[in-house]
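Here's a solo chain for you in structure tokens, the form predicted alone.
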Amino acid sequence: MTQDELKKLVAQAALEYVEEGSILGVGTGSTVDFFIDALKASGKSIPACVSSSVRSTQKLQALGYKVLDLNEIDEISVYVDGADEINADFDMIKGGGGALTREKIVASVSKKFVCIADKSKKVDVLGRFPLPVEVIPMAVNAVAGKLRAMGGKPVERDFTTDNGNRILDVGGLQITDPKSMEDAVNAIAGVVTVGLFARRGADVLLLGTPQGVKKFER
């Protein structure tokens, strides 16, 4: 099966967690794009969504969904999003699409985080995928120096986030203690947030494999 076919499988499987009549949190990325299409085709009744990116908001609105600003609500029942890497403890690296800060904010107010991913994203140790760090523009060099001191190899991405910031992609890391690493990077002055989702990891992982969708729950 192709990677896109695996993504479509998990996107379809995530519909099981969508609560009709409740506001739905929607993430960002290619797998989430398939989920949005599957949601529309399912006919499930969703009063509104909260989205983690301009890209997903535009796609949802084009399909007729109402998208609320997060400030209009207090909590979300279910948040569906992908991951660039996820380990056995449901810790994730996210931010390959550049929406890590908004994804982390939406995840923080969600009762259940459903991660949808193809089998290539499941790893024993996080870090093979370069760790995205969103940074205030004036702090790029300062933060890069701190990240190098932590053993990383930061490279500035040619990309500006929806928040007007820059991203450093940090290679060369083996992240054996994701929570400590998340805290350490977030403590650097100039960092908006790091793409480690360990303090608020996933609750459910739906993993697309050639044998079908494998479900893991915390």
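Note that residue numbering begins at 1 and tracks the sequence as displayed. Everything numeric here is computed off the predicted structure, so don't read it as measured data.
In what follows, reference is made to the form predicted together with ribulose-5-phosphate, a form of this protein that is not presented.
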Exercise for review: Using heavy atoms only and a 4.5 Å cut-off, decide whether all three of K7, S30 and A83 touch ribulose-5-phosphate in the model of the complex.
Suggested key: yes
Exercise for review: Mark L100 yes when one of its heavy atoms lies within 4.5 Å of a heavy atom of ribulose-5-phosphate in the model of the complex, and no otherwise.
Suggested key: yes
Check your understanding: Quick one: is G127 in contact with ribulose-5-phosphate in the model of the complex, heavy atoms, 4.5 Å cut-off?
Key -> no
Point to revise | Residue contact check: K122 to ribulose-5-phosphate in the model of the complex, 4.5 Å heavy atom | key: no
Check your understanding: Which single stretch, out of 69 to 77, 104 to 112, 137 to 145, 91 to 99, brings residue heavy atoms within 4.5 Å of ribulose-5-phosphate in the model of the complex?
Key -> 91 to 99
Practice item. At a 4.5 angstroms cut-off on non-hydrogen atoms, which residues of 141 to 163 are near ribulose-5-phosphate in the model of the complex? List them in order. Key: none
